[in-house]
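A single chain comes next, written as structure tokens; it is the form predicted on its own.
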Amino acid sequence: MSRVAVLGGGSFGRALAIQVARSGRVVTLWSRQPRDPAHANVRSTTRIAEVGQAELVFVAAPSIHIDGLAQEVGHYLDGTHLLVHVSRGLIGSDLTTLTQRLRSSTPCRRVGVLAGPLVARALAEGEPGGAIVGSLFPEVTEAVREAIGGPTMRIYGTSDVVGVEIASAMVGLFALGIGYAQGRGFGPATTAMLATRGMAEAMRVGVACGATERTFSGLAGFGDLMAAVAGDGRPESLFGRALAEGLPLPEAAARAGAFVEGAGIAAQVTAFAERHGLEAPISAGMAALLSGRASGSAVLAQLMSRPVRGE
């Protein structure tokens, strides 16, 4: 594998392209508007047909754009391409994953998801870190490892694709909630409670979707959430803090500086949990908060008044 393309010229897409470029490869970065390549080995383009010349294609776009983008780029892809998305989103209240959607919307069958404690700034600056690829095809994991792995980036792999995607999406939601709590002045005890009970909630939802429990203890789950708690500056945390300041949703989104999938995940997970008889109180509380149906104080009071059972 030598040719790589990145679909999406946002901050994370550009950072991912820079990480690929560090390996010495020339990487194609596609976006609808011309972008500063920011590296000698990054070739910026607005012509989506050029993406088809790559062998490995990273899809760095929000879930709301996946359908249209997949249909658009699908004309230039075939079964030889490897397709890997980096979104934290899910589709609908059935929690359809983006790998499922990419397989149904493009000719590509060898697809995967890249997740874990990855944020644009750290990736662009080459900070030491790690990530996980969820794919049923070992060659997809190897291609990603070859493209972005190296002295500062360790790439792990798992066949639990659904687990990686559910964990990543729900970590985005919990990072938003923790950012909100921290913005309200709550300390480590509150953060720890939200993080641990949140991941237990994510595990219940994931298992109902066919995921493996252990995935939620790894890089896609707790590892990713630990980075958010530590303050890695991800958009979800910034969004939550902005909401805590009383900013309306549009202004909070602008403060985050990127599309925040977690803002929609809350309602999706809540609907899924209700339909399947699962307990998802944090997701439900966040859905109420984000929709304006409840205040942060009311949500916290409701969570703290729930019956206490064995862990």
Partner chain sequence: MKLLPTKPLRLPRLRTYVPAPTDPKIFWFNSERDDIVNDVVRRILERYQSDEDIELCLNDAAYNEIRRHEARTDEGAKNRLEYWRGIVRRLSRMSSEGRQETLRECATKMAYDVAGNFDPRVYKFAAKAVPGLLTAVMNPSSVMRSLLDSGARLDELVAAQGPIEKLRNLQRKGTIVLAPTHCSNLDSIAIAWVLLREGLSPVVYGAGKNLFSNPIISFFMHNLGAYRVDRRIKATLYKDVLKSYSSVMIERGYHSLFFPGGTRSRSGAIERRLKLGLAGSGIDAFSRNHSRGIKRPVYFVPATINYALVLEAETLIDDHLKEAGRHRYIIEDDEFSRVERWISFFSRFRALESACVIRFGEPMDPFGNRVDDEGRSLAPDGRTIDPMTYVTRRGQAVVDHARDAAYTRELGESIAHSYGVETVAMPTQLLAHVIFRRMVRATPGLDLFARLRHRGDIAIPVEELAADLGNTRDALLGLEQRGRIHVDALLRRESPMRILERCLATWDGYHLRPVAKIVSGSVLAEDPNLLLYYANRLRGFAVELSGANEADRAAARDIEVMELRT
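Numbering follows the first chain given and starts at 1. Note that the structure is a prediction, hence the values are computed from the model and not measured.
From this point on, the text means the form predicted in complex with its partner chain, which you will not see here.
- Here the chain stands by itself, but in the model of the complex one stretch of 123-131, 232-240, 80-88, 174-182, 80-88, has heavy atoms within 4.5 Å of its partner chain.
- Heavy atoms of residue 109 reach within 4.5 Å of its partner chain in the model of the complex, making it an interface residue.
- By the criterion of a heavy atom within 4.5 Å, residue 218 is excluded from the residues contacting its partner chain in the model of the complex.
- Of the heavy atoms in residue 191, none are within 4.5 Å of its partner chain in the model of the complex.
- Using a 4.5 Å cutoff between non-hydrogen atoms, residue 103 counts as a contact of its partner chain in the model of the complex.
- Note on contacts: among 157, 149, 74, 223, the single residue with a heavy atom within 4.5 Å of its partner chain in the model of the complex is 74.
- A heavy atom within 4.5 Å of its partner chain in the model of the complex is found for one listed residue only; from 55, 67, 251, 50, this is 55.
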